[in-house]
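Only one chain is given next, in structure tokens, and it is the form predicted on its own.
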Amino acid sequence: MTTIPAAVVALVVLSAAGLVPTVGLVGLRWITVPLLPLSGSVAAAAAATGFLALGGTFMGWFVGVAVTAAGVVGVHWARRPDRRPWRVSRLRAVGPGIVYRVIGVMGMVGIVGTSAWSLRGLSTATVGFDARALWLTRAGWFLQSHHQLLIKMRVPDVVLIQSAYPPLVSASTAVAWSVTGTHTMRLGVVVVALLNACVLIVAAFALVEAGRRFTLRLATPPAVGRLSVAPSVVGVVAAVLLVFVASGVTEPFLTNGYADPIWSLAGVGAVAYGLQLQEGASDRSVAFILILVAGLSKNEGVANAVPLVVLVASRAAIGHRRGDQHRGWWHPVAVGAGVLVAVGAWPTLMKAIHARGATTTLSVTSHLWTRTTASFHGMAPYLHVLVLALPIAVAGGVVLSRVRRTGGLGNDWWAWAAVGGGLVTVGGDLVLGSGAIAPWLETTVHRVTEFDALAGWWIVAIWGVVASGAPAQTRRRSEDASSSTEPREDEPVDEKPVDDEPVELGPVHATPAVGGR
């Protein structure tokens, strides 16, 4: 089987593995489609962990994990028929709902098209050094016997200390090799690049979601007759531009088999859906899936998964405590704890089996200042966007905070907390590590800073969406003021306002998620 058909078959198999749990958690949304292979890659990583820990065969574990996850969701649907996505009542596509769907189609077409363009590097059959030496090499290990896998993970004579890195990229490649019979580096690179494109689509579409939800919220009475589509249009444009920016930031690693783009883009998507969009079970489920993708892809993803889980769960718990669902505040906390357990299972297993590279040595205290200054100067050239994002965030917080709340977007501090967590985890690893700092920075700093750079660009983009809604917000406030004027004494006062009828705005969260509120 040639590379292109094999890659299609591999993505179909991964998507099939992630179909039921993704639909159960996220619902029937535009982003459900690109999330399917990502959820399947999480199942592949879980299969690699189980195979290494308990034996058997890798593909046996993969099928078992996929069937078990589908069975759990199936039991939930059997007990709660109202949670089945195909039975959820859909609001009619009238008024703003038509615009809502049209904007969604335009946004998805634009993002998919630009994401496909970002994969143009695949036209050259290039395999990165780390991809060949680590990520794709380990894929072959997972297809061998359990005994042979243990030997290759433990043998200290092999100069490959990164063999203890999380398994998602290697496991996804192993699935592709197994189901197609095509064991080539080229197929592995293409499959990883397609997974990168999927996570890029999901992260970028958050801007489209923000823009069209903003439009619907601004369309509430009395402004329903004067729908402002500016936030929706800006959201689509910003999403497309973000894909171009992300392609430039992650090149050439987006298409040469490296694991850095997938965890960085997944982290940005988790910030978008878990910390910036309207707080809800479906968006939160997207965030947790993306955190699993990041945490199971690379050590830096593991480190960043911890603050991301804490932030997403904290925001959800605070939202429950402030709302009318005080009893459910612990639900997102419990799910977040489960995500941390899933992310931490592989590093724990590496230490339990005494895998090569599972232990780290800290630098001596006398070198900390030298390593800190070197890390700062090494990371700074790749984080110049933060110099742009910070004043924009400050100005936006002063001038546009009311508009941002009207659009239902999360406070900007949540995103900045995630950026700070990324800087601390990556910078702390460089400062506290024992490897020679100069060559370490030269070979890795441009890759490990991708998350913070992309998050900075996302912050800039979301403020652009917020600013586009300011005119409509001003008009709405003036109409609210005029509609609330006191009647004259000779005019009768109605007991019931004219605008008391509910207005259907469209299915912003029409599909509830498993375990949602």
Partner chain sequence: MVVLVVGVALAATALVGLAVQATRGNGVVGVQRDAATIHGAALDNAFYHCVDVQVRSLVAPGDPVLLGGNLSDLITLMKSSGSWITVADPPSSATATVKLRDDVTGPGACLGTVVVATYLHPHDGIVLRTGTGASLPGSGPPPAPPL
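Since this is a predicted model, take the numbers as computed values, not measurements. Positions refer to the first chain, counted from 1.
What comes next is about the form predicted together with the partner chain, which is not displayed.
**Student:** With the partner chain left out of view, choose which of Ser468, Ser39, Thr49, Thr32 has a non-hydrogen atom within 4.5 angstroms of it in the model of the complex.
**Tutor:** Spelling it out, the residue with a heavy atom inside the cut-off is Ser468.
**Student:** I need to confirm a contact call. Of Asn411, Thr137, Gln278, Thr406, which residue comes within 4.5 Å of the partner chain in the model of the complex, counting heavy atoms only?
**Tutor:** By the 4.5 Å criterion, the partner-contacting residue is Thr137.
**Student:** Between the partner chain and Phe129, Ala238 and Trp457, in the model of the complex, does every residue show a non-hydrogen atom at 4.5 Å or closer?
**Tutor:** Looking in the model of the complex, the three residues Phe129, Ala238 and Trp457 all sit within 4.5 Å of the partner chain (heavy atoms).
**Student:** Counting only heavy atoms and a 4.5 Å cutoff, which of 394 to 402, 367 to 375, 195 to 203, 417 to 425 contacts the partner chain in the model of the complex?
**Tutor:** So the stretch in question is 394 to 402.
**Student:** Val234 versus the partner chain, in the model of the complex: is there a non-hydrogen atom within 4.5 Å?
**Tutor:** The answer is yes: Val234 has a heavy atom within 4.5 Å of the partner chain.
**Student:** Is Arg120 close enough to the partner chain in the model of the complex to count, meaning some heavy atom within 4.5 Å?
**Tutor:** Residue-level check for Arg120: yes, a contact with the partner chain.
**Student:** Is Ile318 one of the residues lying within 4.5 Å of the partner chain in the model of the complex, judged by heavy atom distances?
**Tutor:** Heavy-atom contact with the partner chain at 4.5 Å: absent for Ile318.
**Student:** Any chance Phe253 has a heavy atom within 4.5 Å of the partner chain in the model of the complex?
**Tutor:** Yes.
**Student:** Judged by heavy atom distances of 4.5 Å or less, which residues of 431 to 460 approach the partner chain in the model of the complex?
**Tutor:** The stretch 431 to 460, when checked against the partner chain in the model of the complex, contributes Thr443, His446, Arg447, Trp457, Val460 at the 4.5 Å heavy-atom cut-off.
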